[in-house]
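Before any questions on how it binds or moves, here is one chain, the form predicted alone, in structure tokens.
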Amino acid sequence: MELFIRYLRPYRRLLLAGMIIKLFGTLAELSIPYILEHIIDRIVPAGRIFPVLLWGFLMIFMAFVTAVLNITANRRAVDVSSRAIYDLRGDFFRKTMHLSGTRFDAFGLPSLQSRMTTDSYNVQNFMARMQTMGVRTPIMLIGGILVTMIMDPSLSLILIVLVPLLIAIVILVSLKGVPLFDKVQRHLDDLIRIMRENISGIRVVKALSREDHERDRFNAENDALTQSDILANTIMAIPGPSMQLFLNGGLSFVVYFGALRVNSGQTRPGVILAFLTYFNLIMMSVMGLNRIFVMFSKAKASADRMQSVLSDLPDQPIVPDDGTSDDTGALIEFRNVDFNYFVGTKSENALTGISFRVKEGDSLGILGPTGSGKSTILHLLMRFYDCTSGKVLVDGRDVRSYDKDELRRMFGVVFQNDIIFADTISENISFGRDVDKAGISFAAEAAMAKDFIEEYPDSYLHKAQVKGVNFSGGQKQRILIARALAAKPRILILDDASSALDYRTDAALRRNLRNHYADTTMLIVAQRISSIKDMSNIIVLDNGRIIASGTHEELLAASPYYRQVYESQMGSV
């Protein structure tokens, strides 16, 4: 309940006003059967038409008041719940944006997506319904019983026996339902993960004719989700038929004993008619209570899942520098760095004993086979993860001592499989930063993107489709490089960012970087030696270790691996 209270609290006045309106609407609805009883038993027997019309008009007026108040209360409930969920989604999005790589991996992208969508919808639905049904149901239940006790205490005993029994069934079933719906959401996470993998990799699936295999994977998880959903909803459906059975049985008792009491003169016909109406209203309120508990079971499971992310403690606090950095004059320095993605396990390190320095304005090329730890070095430098041991230094300071925004403003970066957003080319390059048109154009020209951009009739206002599918691989990479250059970063990181460029364009890009960004410190991960051979220094990785380092000429002379890669690539030209 903590999450509901926290996000509804700012709108407590609107919430209270809506609930008061709903209260009066419910009281107006409660009065209608009583007015009907009064007309039948007291006004009609008097034989005068005017009082009948007057009380009939009052009954119609109360029905109108009931409708107006209920509509107003419902609109206010939707307004309050929409405002609250707006805040919740905003906080949830901001939290996910600031999760460290370790915590993001722990939650998983499919799970975060379903929490933002399905879970937030369940929470919003419960917030809205509780402001209406949560007021109407108890008032109708308690008020109906009180009115029937006043009208005929003997017949009301039927309700006094039935209602607690039905409420007990609802509560017991709901307690069972919460963990079941939590299980449903976990299966939904897995299903979304499989769907996302197949949608993203549809070309690979088709190219390798693995449609049947992926369909079987999907069907297996879909079956698990369906079975858990059936079980949860079957359990939560138990109160409905039970209530209907008790409702019909209770009505039968009311009609039977009511007829006996009318025949014996102990009560009046109008009382029985009003009592039957109240009985239906009360039973419907109990069934409404069941629906509330069903929604609560779903919302509680969803709220707990969202709360687990919102309350997740930062695992990367700012750590004051211990003053032992012994500044060597290097802008970037790794000191005997070890790193393991799987915290607390004995699995092999992704990086072991990594040490190097890069001075301001110098450049570092990083070469190595797939899985050797090239991208991991960049992730540690930008503090997406914290190293297991050792130190990562920028300007002589441990990166853990920086505010993350302060640290990352130094960088312009293009990662592997980076994303083009569904927006204009101009917005993709500026990316919400303070970059004017001249700066965008200059960055695009340096990235070898200006020519193809200006071929579009709308030039920089040309709209990219989702993930930039209307651009070629080389065009996307050049737009991404322009984005990295646009803010004139102090440190430029290119993680295999020119793999889709032809050799001529790649060479022109490197020439532009040397001419226009000579003061920028560069770290370039590449598979092609031609992309890094002019770097101030090159390190060669294998299995998370540096196996060689030096200039291009030094590595050709001293590193068999580097020489082998060079010869294989140059021989293929």
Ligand code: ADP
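Position 1 is the first residue in the sequence shown; the rest follow in order. All figures in this text were calculated on a predicted structure; none of them were measured in a lab.
Unshown form predicted together with this ligand; subsequent notes refer to it.
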{"item": "Contact stretch among 472 to 480, 397 to 405, 135 to 143, 373 to 381 - heavy atom within 4.5 Å of this ligand in the predicted complex", "value": "373 to 381"}
{"item": "Interface membership of Phe218, this ligand in the predicted complex, 4.5 Å heavy atom rule", "value": "no"}
{"item": "Partner proximity in the predicted complex: Phe181 to this ligand, non-hydrogen atom cutoff 4.5 Å", "value": "no"}
{"item": "Any non-hydrogen atom of Ala350 within 4.5 angstroms of this ligand in the predicted complex", "value": "yes"}
{"item": "In the predicted complex, Asp229 touching this ligand (heavy atom, 4.5 Å)", "value": "no"}
{"item": "In the predicted complex, the one of Phe334, Phe279, Tyr385, Phe126 near this ligand [non-hydrogen atom within 4.5 angstroms]", "value": "Tyr385"}
{"item": "Option touching this ligand, based on a heavy atom within 4.5 Å in the predicted complex, out of Pro369, Pro164, Pro269, Pro320", "value": "Pro369"}
